[in-house]
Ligand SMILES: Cc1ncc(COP(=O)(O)O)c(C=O)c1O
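Only one chain is included here, represented as structure tokens and corresponding to the form predicted on its own.
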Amino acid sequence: MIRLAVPTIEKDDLEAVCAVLETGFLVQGSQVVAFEEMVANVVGIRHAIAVSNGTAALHLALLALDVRPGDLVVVTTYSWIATANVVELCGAQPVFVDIQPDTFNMDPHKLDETLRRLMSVSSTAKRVKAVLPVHTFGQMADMPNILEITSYYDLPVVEDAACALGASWQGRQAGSWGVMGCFSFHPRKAITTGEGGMVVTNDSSLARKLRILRNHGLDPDACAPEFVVPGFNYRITEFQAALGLTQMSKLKRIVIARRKLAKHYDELLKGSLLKSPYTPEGSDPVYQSYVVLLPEYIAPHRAELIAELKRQGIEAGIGTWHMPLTSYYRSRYGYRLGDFPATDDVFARSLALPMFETLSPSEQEKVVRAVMNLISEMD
């Protein structure tokens, strides 16, 4: 089976985890601190706060901005469902913005239109607390334009950089553009700690809030234990952090390999009916996933195509989710097909092909050949 994703786990990763397990010190120790420092250094930012997963990172970031019931948070339409769910978990409401059809990221023009509408009415203007763009599949959103728009309204931007550790725009790292950036270390990401996440920020006040909230409300600066707010148990373990440290040492190598694999896919698909991922000038993605667009007439048969690929020993997927059209958001807010036309099209046609460091060129050729043969049979 050519799997959709395979994490890079090597001997040094296993040894690092075993070494920590043997100590018996498993929570909030030196490994977590070292992991945080390494991520902060790579991103080029002052503070990094490790947490239990990427969803926890997003949740704490919004809570640190004091997002509360009745507030509005502007989010992209096309992402893993956690991006919208964390807004609801704060008691706030997500306001969705359509994507660019080529990069799959939040469309700055649509963002501008949405904020003009919200800010033109005083009753909604005071409720807008943050903007949450996503770096979809490890391809950075257009942060210069997004920040230009949000700065006009003095709105904080939290980057959902779950898939994008190591990605950059004009040489500046993902996660370093907004007031906070949130990463995930799920096994489908470039590097993994199994589960795990990280919030990065240059704001010392926000960093302190994040550290308090992740650990039961415990004041990290107090001489004796002091619980200053109701907090969460969103801590990462010592052995996950040890794995994170060895994984971080491979990040550059893994990202280079993924870019090479993406280039080979691009070459294999040149002139075909499949549309390869688009990379704007100045953007250096990490290709957490390699997602193509099927021809429109194949879209209704995508599930059948994915099932047949699996029967042939190839895993493929849908890309990610059209969040407004999932059951909860559709029933709660009344969204329907046509509200977000770019997302409608991308969600219907997207197909994620296998992508991981050890994927071989011959396996890529097998994948592309199988997909193209199935498409021709459906023609």
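Nothing here was measured: the structure is a model prediction, and the numbers come from that model. Position 1 is the first residue in the sequence shown; the rest follow in order.
The next section is about a form of this same protein that is not shown, the form predicted in complex with the named molecule.
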Checklist entry - Here the chain is shown alone; which of Cys163, Ile146, Ile99, Ala241 has a heavy atom within 4.5 Å of the named molecule in the predicted bound form? => result Cys163
Checklist outcome for this item: Checked Thr343, Ser350, Gln31, Thr55 for heavy atoms within 4.5 Å of the named molecule in the predicted bound form; positive is Thr55
Checklist entry - Does at least one non-hydrogen atom of Asn105 fall within 4.5 angstroms of the named molecule in the predicted bound form? => result no
Next on the checklist: Would you classify Gly178 as touching the named molecule in the predicted bound form, given a 4.5 Å non-hydrogen atom cut-off?
Outcome noted: no
Checklist entry - Is there any non-hydrogen atom of Trp169 lying within 4.5 Å of the named molecule in the predicted bound form? => result no
Checklist entry - Can you check whether Pro285 is within 4.5 Å of the named molecule in the predicted bound form, heavy atom basis? => result no
Checklist entry - Check Arg211, Asn215 and Thr237: does every one of them have a heavy atom within 4.5 Å of the named molecule in the predicted bound form? => result no
Checklist entry - Which single stretch, out of 269 to 277, 180 to 188, 91 to 99, 108 to 116, brings residue heavy atoms within 4.5 Å of the named molecule in the predicted bound form? => result 180 to 188
Checklist outcome for this item: Taking the named molecule in the predicted bound form and a 4.5 Å non-hydrogen atom cutoff, the residues of 58 to 93 making contact are Leu58, Ser79, Trp80, Ala82, Thr83
